[in-house]
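In the form predicted on its own, a lone chain appears below as structure tokens.
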Amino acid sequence: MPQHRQIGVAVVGAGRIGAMRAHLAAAHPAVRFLAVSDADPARARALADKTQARVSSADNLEVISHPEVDAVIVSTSEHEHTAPVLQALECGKAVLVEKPIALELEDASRILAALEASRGNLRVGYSRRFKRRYLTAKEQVKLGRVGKIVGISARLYNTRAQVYQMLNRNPGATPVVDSLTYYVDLLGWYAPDNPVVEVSAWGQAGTIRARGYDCDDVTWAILRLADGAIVNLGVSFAFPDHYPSLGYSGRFEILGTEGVLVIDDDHLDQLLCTEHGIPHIYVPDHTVNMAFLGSSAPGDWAEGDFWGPLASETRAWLDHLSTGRPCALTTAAEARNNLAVTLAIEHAVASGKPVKLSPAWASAAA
């Protein structure tokens, strides 16, 4: 029989995603205690009031080390993941950290070393795994219905409004490291025993760089896997600001010896056009008059609750902690591998040369 234990949760970071995670934790039947922290104490207090959290603080360590806390959700900006994750592991707390695990391989390696030393539990929030179309695809691949994978093609599009938001928050959170990483994660999930061994990539500058950001409009990469399978990955965040997507527009294709699996994730199936304006979940004070509903990557608010991949992922992690059930969340080792591949793509673009992916390369890159 599964265990059923009550847990205490601390949410570090009271921004957009942290607030969603806190609301979901507050509603989970296994969560008996909730604490939140943020560098802005007023924002921490406001979220605590909304979620009826027992503790709010501007000091991350105060909530992480609280004796009632068993698990920590780290929802800070990407470049601020490492310190609270290490603190939580040192305190013996289970951790869920947003993707990517870090922006530098050295920091990711420090996290893995701390995890091993603590024999703890750490997962990384790649919520694409909890979107129904990707979950069902994983099941078909696992059942062998496409045969041996010989090729994968994926591309991801978004708007300049969102890339400026990302780069203003952190110049290192480029579309490759912060967003294409979703598809690198799916690649590793669908083909876990077939690692990337070589990366070639090219970028083309344009509108984004002209605005003063060190970021290409388009990046395209060819990856070779250990058994010779070929993967084609592309990303562009140069769509006009008011393109009618509230998040990513994507496509993922798996080519096998006995079948083909095509995932259309462009969200063209549900369109709203309104004179009232539709708020963008990622970009404050940005609205569009026409939008592809369902294109918000985390999910959507409806009927007073949050629904979608981020909600399912959060609930699955809390279920895992409270009942011991297995969960499909990305492991720390998988997340570090995702980071290594995305950094290799950026390195290949910058150098104009292929990158051989190996432990030696990863160590040197760190």
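Numbering starts at 1 and runs along the sequence shown. The shown structure was predicted, so the numbers you read here are calculated from the model rather than taken from an experiment.
Heads up, the form predicted in complex with a small molecule isn't pictured, but that's what we're talking about next.
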With the small molecule left out here, work out from 227-235, 260-268, 178-186, 204-212 which stretch has heavy atoms within 4.5 Å of it in the predicted bound form. 178-186
Within 4.5 Å of the small molecule in the predicted bound form - does that hold for a heavy atom of every one of Arg160, Asp216 and Gly247? no
Answer key, the small molecule contact in the predicted bound form at 4.5 Å (heavy atoms) among His320, His28, Arg43, His66: the residue is Arg43
Can you tell me if Ser56 lies within 4.5 angstroms of the small molecule in the predicted bound form, counting non-hydrogen atoms only? no
Given that the small molecule is not shown alongside this chain, does Gly308 nevertheless sit within 4.5 Å of it in the predicted bound form, heavy atom to heavy atom? no
In the predicted bound form, does Glu78 come within 4.5 Å of the small molecule, counting heavy atoms only? yes
Although the partner isn't part of this model, could you tell me whether Arg145 comes within 4.5 Å of the small molecule in the predicted bound form, counting any heavy atom of the residue? no
